[in-house]
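Presented as structure tokens, the chain that follows is alone, the form predicted on its own.
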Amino acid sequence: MRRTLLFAVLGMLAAAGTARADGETVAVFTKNQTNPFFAAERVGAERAAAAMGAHVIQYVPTKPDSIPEQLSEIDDVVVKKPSAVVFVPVDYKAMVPGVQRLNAAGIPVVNITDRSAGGDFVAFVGASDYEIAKMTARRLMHALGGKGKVIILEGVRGALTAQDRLRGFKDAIAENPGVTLVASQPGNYQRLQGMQVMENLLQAHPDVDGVLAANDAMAIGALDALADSGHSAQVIGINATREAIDAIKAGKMLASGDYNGFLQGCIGTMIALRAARHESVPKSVALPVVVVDKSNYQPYAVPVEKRACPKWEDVPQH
């Protein structure tokens, strides 16, 4: 089933939905305008809604991960009352009152990517941050031959995704006694911050052998810092974004764990519309863990704008 789902998306199968109902609107909340992962989620949501005869209104904070802005956006949605909501909380704890306002308004809400600490949801769609981080880190450990010095670029400290990915990285390192973690600092999932942190760490650890970045944006930032300083190291990231795939293809980056924002946007929107139409939906959808490297990157090189959402029957039912 997992292989069927994966190749349904990457193989460009035609999207399929349920019966059209004109006028349906899905409000889609994502964290920021800077991370390519969330851009892919928005494309997936648009593609799924169009295939099902509905349309999307995107809510994206102008300041990255802004709690006040997302709360204000929720107030707007409560007034406009769309058919359904697809929701990525900018903070998994702070946004619970906002989710509860959506619940009180009677709007079906599907939680994707970052699991909210509270509120009522039709379903959750996501992937295991821990497993993806651990499996991708193991790819780096293998490339290093189980020995060497490594740096971790963490996400936003306190964010659930960052905590789980950090745990996955550290558990993979613990499996390799010959690997030493020399530094672990947050880059807040941003390319520029990732580059700046890496620049500073290279001054203390110029002989680093590997970098585990909690997302591709920071991984690309680390590559920028390494290139500017004349150093080299094996780098892995998470999300399998187009920039990362290009870097893998060029031999600059080792691997990226596929978190698949496009697919999460697709399936979250499909579930939201089915719930609004009172059709059956799964309570959760867990995406498969895939580590993308030079051996299997080719399907991922297809731009998200040219991909199609999976057929409903190819979505795993949990």
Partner chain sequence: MSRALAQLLARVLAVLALCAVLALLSDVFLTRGNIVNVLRQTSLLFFLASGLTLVVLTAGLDLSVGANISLAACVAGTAMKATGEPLLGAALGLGIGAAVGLCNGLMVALLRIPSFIATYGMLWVLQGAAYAYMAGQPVYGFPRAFRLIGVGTVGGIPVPILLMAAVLALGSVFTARTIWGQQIYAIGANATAARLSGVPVKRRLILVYLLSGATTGLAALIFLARLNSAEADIGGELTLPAIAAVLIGGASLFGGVGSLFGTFIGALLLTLVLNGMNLLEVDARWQPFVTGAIILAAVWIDMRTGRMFAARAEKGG
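The term rigid core refers to the maximal set of C-alpha atoms that superpose within 1.5 Å between the two forms. Remember, it's a predicted structure, so these values are computed and weren't measured experimentally. Residue numbers count along the first chain shown, from 1.
Separately, the form predicted in complex with its partner chain exists; it is not shown, and the next lines address it.
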Which of these stretches, 89-97, 135-143, 232-240, 152-160, has heavy atoms within 4.5 Å of its partner chain in the predicted bound form? 152-160
Answer key, its partner chain contact in the predicted bound form at 4.5 Å (heavy atoms) among Leu71, Leu192, Ala105, Ala117: the residue is Leu192
Of the options Asp224, Glu131, Glu175, Asp75, which one has a non-hydrogen atom that comes within 4.5 Å of its partner chain in the predicted bound form? Asp224
How about Ala51: is it within 4.5 Å of its partner chain in the predicted bound form, going by heavy atoms? no
Ser280: heavy atom within 4.5 Å of its partner chain in the predicted bound form? no
Taking its partner chain as it sits in the predicted bound form, is Val109 near enough to touch it, meaning that at least one heavy atom pair lies within 4.5 angstroms? no
Using a 4.5 angstroms cut-off on non-hydrogen atoms, would Val197 count as touching its partner chain in the predicted bound form? yes
If we check its partner chain in the predicted bound form, which of the residues in 30-49 reach within 4.5 angstroms of it by a non-hydrogen atom? Gln33, Thr34, Asn35, Pro36, Ala39
Please determine whether the C-alpha atom of Ala204 is displaced by 2 Å or more between this form and the one not shown following superposition on the rigid core. yes
Please determine whether the C-alpha atom of Ile107 is displaced by 2 Å or more between this form and the one not shown following superposition on the rigid core. no
After the core is overlaid between this form and the one not shown, has the C-alpha of Gly187 moved by 2 angstroms or more? yes
